[in-house]
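The data below hold one chain only, encoded as structure tokens and taken in the form predicted alone.
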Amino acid sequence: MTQSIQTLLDEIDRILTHGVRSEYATELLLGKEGLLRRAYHQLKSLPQTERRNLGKALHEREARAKNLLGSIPTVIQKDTEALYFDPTFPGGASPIGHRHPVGIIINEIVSFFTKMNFQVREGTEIETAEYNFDLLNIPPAHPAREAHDTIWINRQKGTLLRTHTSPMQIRVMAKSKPPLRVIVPGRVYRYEAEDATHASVFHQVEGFVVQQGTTVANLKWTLHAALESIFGRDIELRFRPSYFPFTQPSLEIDLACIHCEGKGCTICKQTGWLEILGAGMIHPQVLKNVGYNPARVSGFAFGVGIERLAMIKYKITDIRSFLTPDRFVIDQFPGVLQ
């Protein structure tokens, strides 16, 4: 008998220690068929000497149970069955999450360029027109300054949400001396009508090198090596002349479609090529704006949209997929957290 009551006491102690916040604790401890009532019932059949000590122990636990349970709000049960709470039962494992595809690409870019002795910098997302436009040689009448393309915070004061990561090119060069190798990953903003290929909020990585003797050949080799590292395979690039106010010469870079091997498919719109990024040699006026002498140093710069790379690599047809909270979508991408 004594052993039976001791077993009940042990179970009472476990619930008071671990399971008192269970919605079933009151019934288990203080109910008509509860553990304390059952222990008191068995106490009557014990010898007087044993009843005294065990009775005191039961009174102490009953007082403790009433005190603890009285301080916990009552949980209203809706269509649930009373379940026995076993505090020794192992808990369920929490699901392991996934890295976001945008984060995967950024990490791959940072990993490649840090091995090439590039520094990683981050800039403010709220910029001034001076750094976002003026010092990057973007003229006052350029369409990029208009409200249909830029999200202005205060047009009169010249504050806006940065439209690209290029302002950090100016900020870094203005405070540093060549040689420089820098990449700047970050979020940027455009006043865009959103659809499958356009978003008003997306991510870019700006990269630039400034030193003596930098040439277009250096730019082409760097981009080719970086993109091969990201896509994990041999690639073919096409360089086309273009125009950007802050580079001269300017280049648009196309990637031979990695899905159809350049033969033409729905992803590349049957052209065999995918437009992937813009780049060029830093404009001499931009170098002068930060106090550099274009006769002594030169540099190249490039800017690439992270979502654009992820769409190509993972065959994603809608850029809005990156903003969905749907785990069914995100869990399809590699990069499981360990």
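Heads up: residue numbers just count along the shown sequence, starting at 1. What you see is a predicted model; the values in this text were computed from it and never measured.
Heads up, the form predicted in complex with ligand DAH isn't pictured, but that's what we're talking about next.
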item: Heavy atom of Q204 within 4.5 Å of ligand DAH in the predicted bound form; value: yes
item: In the predicted bound form, G34 touching ligand DAH (heavy atom, 4.5 Å); value: no
item: is_contact(F246, ligand DAH) in the predicted bound form, heavy atom dist at most 4.5 Å; value: yes
item: In the predicted bound form, R181 touching ligand DAH (heavy atom, 4.5 Å); value: no
item: Interface segment, criterion being heavy atoms within 4.5 Å of ligand DAH in the predicted bound form, picked from 154-162, 263-271, 238-246, 209-217; value: 238-246
item: Every residue of H100, G123 and R187 near ligand DAH in the predicted bound form, heavy atom within 4.5 Å; value: no
item: Residue among L29, A310, A279, V286 with a heavy atom within 4.5 Å of ligand DAH in the predicted bound form; value: A279
item: In the predicted bound form, the one of K115, H148, R233, K175 near ligand DAH [non-hydrogen atom within 4.5 angstroms]; value: H148
item: Contact set, 279-304 vs ligand DAH in the predicted bound form - heavy atom within 4.5 angstroms; value: A279, G280, A301, F302, G303
item: In the predicted bound form, shift in Cα separation for A144 relative to A193, 3 Å or more; value: farther
